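Just one chain follows, in the form predicted alone, and it is written as structure tokens.
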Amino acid sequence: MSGPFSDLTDTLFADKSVLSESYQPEEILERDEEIEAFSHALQDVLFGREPENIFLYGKAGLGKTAVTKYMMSELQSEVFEREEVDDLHVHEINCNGKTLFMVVRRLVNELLPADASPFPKRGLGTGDAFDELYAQLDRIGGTHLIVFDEIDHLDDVDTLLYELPRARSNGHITESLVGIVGISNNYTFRQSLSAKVKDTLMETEISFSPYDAGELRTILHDRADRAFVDGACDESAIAKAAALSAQDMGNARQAIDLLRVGAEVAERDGDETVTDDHIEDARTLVQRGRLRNKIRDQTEHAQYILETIAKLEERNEVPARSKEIQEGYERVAEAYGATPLTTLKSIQDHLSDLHMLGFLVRHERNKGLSGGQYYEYELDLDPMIVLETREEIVQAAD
């Protein structure tokens, strides 16, 4: 008797993991200028000097995190080969959805001896966590590079970026050196920092621009050679995936996803080769997945606002004014045990940002002397995508 998997004997993939988001390539393609700038900024580590602070800017999928992981690995290998160089310790943390206390506490727990009790979640403040962090950095000694991915999502980022770069000059550490690598999708992130933090950082900025079609094609060729069995992917399919992604956002992650999903579509249809048609079918599926990821990338309160508008849409109560959205948002935030933003202006700022990011349609209304001028908002995507994504986020956090 045959089962539901009996016919699944062949696959187009030789190594599907090459097309996954977690895959870290051994060689970084089409980012030579960024790697050269990164290398120059990190050279002080090799000579026992205090590291430069480095900030990487660019939209998602442009190689910022992949390049950083590659550079950290290469630097650690070089340090290992040079006996006269101090030990190098690299710490990586994603700041999305985390408070400053959570970030510092995690760093402390990463540094503590294996037999030590973890730093407590409650009962001590952020200042206490910083004190313990400095103690552990000096206990270990050497050079510490701390990578903060999605640093623009961190609350009270000014405190973090004022404390760590000045830790040595302020006498908090004497036996160790610390450098920061910040990664942000927001090109204007620096503008939001306080003047004293900007003066303290003295950072090197490296900007990642979108890939063009030729660059994406090079990247996809490399991945396809590793991912598929011989003859399983048409050259034209690679070209189409590269062209579609270049026309959209110049995003390597999107291009790789198109190739992977296109192959999944081909396998589902029983085809032996990935073609242009499979890539076109994958386009719709990838766009839906990309929207889910964009929602996850938003701050906690921005997600509450999106969820509020999605629920208003379900009740056919859109387009809605910012005051109406605020009232619903407060209920949503409180339902999750969060403290709502208190001013209408803060809600309006989030609505404006979400409109600029393409999540919302904004309608300008002018009622003249009787009603004045104002905006109304509604979603520019299927509300079920928002609600399903929020449900997944909540379940993953439980």
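Keep in mind that what you see is a predicted model, and the values were worked out from it rather than measured. The first residue of the shown sequence is 1; numbering continues from there.
FYI, the form predicted in complex with a small molecule isn't displayed, but the following is about it.
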{"query": "Contact test in the predicted complex: residue 211 vs the small molecule, heavy atoms, 4.5 Å", "finding": "yes"}
{"query": "Contact of residue 311 with the small molecule in the predicted complex (heavy atom, 4.5 Å)", "finding": "no"}
{"query": "is_contact(residue 223, the small molecule) in the predicted complex, heavy atom dist at most 4.5 Å", "finding": "yes"}
{"query": "Partner contact for residue 253 in the predicted complex: the small molecule, 4.5 angstroms, heavy atom", "finding": "yes"}
{"query": "Option from 40-48, 53-61, 341-349, 359-367 whose residues, in the predicted complex, bring a heavy atom within 4.5 Å of the small molecule", "finding": "53-61"}
{"query": "Heavy atom of each of 295, 304 and 385 within 4.5 Å of the small molecule in the predicted complex", "finding": "no"}
